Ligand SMILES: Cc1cc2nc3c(=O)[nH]c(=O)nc-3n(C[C@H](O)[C@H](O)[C@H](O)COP(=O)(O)O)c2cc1C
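We begin with a single chain expressed as structure tokens, specifically the form predicted on its own.
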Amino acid sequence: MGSKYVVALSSSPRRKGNSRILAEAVLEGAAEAGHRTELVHLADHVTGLLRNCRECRKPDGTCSIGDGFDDVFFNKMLKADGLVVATPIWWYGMSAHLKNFFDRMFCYFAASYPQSAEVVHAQIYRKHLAIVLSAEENNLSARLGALTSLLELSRYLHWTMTGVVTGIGNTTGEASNDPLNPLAEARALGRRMFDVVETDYKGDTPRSPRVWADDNRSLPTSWR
């Protein structure tokens, strides 16, 4: 398989927040598997909100918002083989920082960006995605808003969904006390991130009658 490049987008403004430590654990597992890893603290780089691209786009088609989005998007996210998306649950959805990052992709994903097909579309598809969440509430419904949005994004971009890990906690780093040990689960997800095959069958999908075939494919990790 060879070494891959795994980028974690940490979207909590807290540097030692619960979703951040889970993202770091996924990267630790990926590094143990021989992959290159990098964590991006989004609050340091992406500060401007998406505007009306028809009015504020530069003459060369690039975004005029003067923050660090371009560097993260072009030099890290697009070049990554695997993405770790880390967010706390805020008001039953993803953090504003993460939503803003995905909103800002539109400026370059849209055909109105002259190099959209050659640069963006050529690199953005078919990545492996891991989702890590932190939440104060342990009921599944509290996470469904964020999960639904991220899973639809993954489907739209043909990303392979490799697993979801949730840590329950509120105060800084408290998820490390979660008795279900999400940090260990996150490390395991990082180690097997590129071994997962997403079995999202359609009615006409050719498939074996056996789930656990000789190729040792694995299903996504716990969705508790």
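Model, not experiment: these values are computed from the prediction. Throughout, we count residues from 1 along the sequence that is shown.
Keep in mind that the form predicted in complex with the ligand is not shown, yet the notes after this line are about it.
inquiry  = To test your reading of this chain, name the stretch in 103 to 111, 146 to 154, 131 to 139, 77 to 85 whose heavy atoms come within 4.5 Å of the ligand in the predicted bound form.
reply    = It is 131 to 139 that comes within 4.5 Å of the partner.
request  = Tell me, out of 199, 177, 64, 170, which residue has a non-hydrogen atom within 4.5 angstroms of the ligand in the predicted bound form.
outcome  = It is 170.
query = Would residue 125 count as touching the ligand in the predicted bound form under a 4.5 Å heavy atom rule?
reply = Taking the distances in the predicted bound form, the answer for residue 125 is no, it never comes within 4.5 Å of the ligand.
query = Is there a heavy atom of residue 72 no more than 4.5 Å from a heavy atom of the ligand in the predicted bound form?
reply = The answer is no: residue 72 has no heavy atom within 4.5 Å of the ligand.
ask   = Is residue 98 close to the ligand in the predicted bound form, meaning a heavy atom pair under 4.5 Å apart or at it?
value = Residue 98 lies outside the contact set for the ligand.
task = For the stretch 83 to 107, return the residues whose heavy atoms include at least one within 4.5 Å of the ligand in the predicted bound form, in the order they occur.
result = The stretch touches the partner through 88, 89, 90, 91, 92.
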